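Encoded as structure tokens, the following chain is the form predicted on its own, with no partner shown.
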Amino acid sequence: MDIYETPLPGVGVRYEFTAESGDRVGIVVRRDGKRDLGLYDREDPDACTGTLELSEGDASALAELLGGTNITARLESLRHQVEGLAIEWITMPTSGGLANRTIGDGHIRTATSASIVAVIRDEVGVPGPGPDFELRPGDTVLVMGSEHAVGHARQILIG
């Protein structure tokens, strides 16, 4: 089964697939944790015949009913495949750390070996920010590396 992924800047990500029945299904995963489940018209794939808004809890319950334990098992398997890789979302504090300073000021890559992969600011993603990128209070920073490296990077970022 092919699952198509479309980034929706400032909103989240839309996933679409065609079920074995021929029905086209779309799911928008919003940044606030909510999900929108949509069923598209078979004759007009641009027309939605119905939508359902789910809270994060509703989505978790539905996922469990639809076989979430399989997903959990697959994620656990993936975790073993990239053993030692840590990924963390860190929210910048109002002051201290690297708030209102550049990524380069923190020397995160050289001091920790962790990498800042992306920054989310005001619902807009900035992938691969460079060393001149200034971090602001409230930014969400995606950091990857070893568990130790990510922990060290967190200390530098939030002070």
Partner chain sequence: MLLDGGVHALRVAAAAPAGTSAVLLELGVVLLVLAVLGRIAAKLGIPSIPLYLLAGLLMGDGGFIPVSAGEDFLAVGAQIGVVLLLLLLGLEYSPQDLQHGLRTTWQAGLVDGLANGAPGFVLGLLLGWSMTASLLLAGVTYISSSGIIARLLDDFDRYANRETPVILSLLVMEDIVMAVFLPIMAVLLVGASLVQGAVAAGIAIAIVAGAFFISLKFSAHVSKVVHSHSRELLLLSVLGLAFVVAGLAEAAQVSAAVGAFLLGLTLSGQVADDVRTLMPPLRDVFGGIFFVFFGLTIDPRDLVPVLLPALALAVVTAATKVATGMWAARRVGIGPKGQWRTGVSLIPRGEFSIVIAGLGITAGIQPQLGPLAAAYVLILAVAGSLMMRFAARIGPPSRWVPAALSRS
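For the two forms, the rigid core is made up of the largest set of C-alpha atoms that agree within 1.5 Å on superposition. Residue numbers count along the first chain shown, from 1. For clarity, every value in this text was computed on a predicted model and none was experimentally measured.
Just so you know, the form predicted in complex with its partner chain exists too; it's not on screen, but the next bit is about it.
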Using a 4.5 Å heavy atom cut-off, state whether residue 122 contacts its partner chain in the predicted bound form. no
Might residue 109 be said to contact its partner chain in the predicted bound form, defining contact as any heavy atom within 4.5 Å? no
Please run the contact check for residue 11 against its partner chain in the predicted bound form: heavy atoms, 4.5 angstroms, yes or no? yes
Might residue 40 be said to contact its partner chain in the predicted bound form, defining contact as any heavy atom within 4.5 Å? yes
Just one of 122-130, 58-66, 24-32, 86-94 has heavy atoms within 4.5 Å of its partner chain in the predicted bound form; which? 24-32
Quick one: name the residues from 43-65 with any non-hydrogen atom within 4.5 angstroms of its partner chain in the predicted bound form. 43, 44, 45, 46, 47, 48, 51
Rigid core aligned, does the Cα position of residue 93 differ by 2 Å or more between the shown form and the other one? no
Using a rigid core alignment, state whether the CA of residue 151 is displaced by 2 Å or more between the shown form and the other one. no
Please check whether, in the predicted bound form, the CA atoms of residue 15 and residue 89 lie closer or farther apart than here, given a change of 3 Å or more. closer
Check residue 101 against residue 32 at the C-alpha atoms and report closer or farther in the predicted bound form, compared with the shown form; the change is 3 Å or more. farther
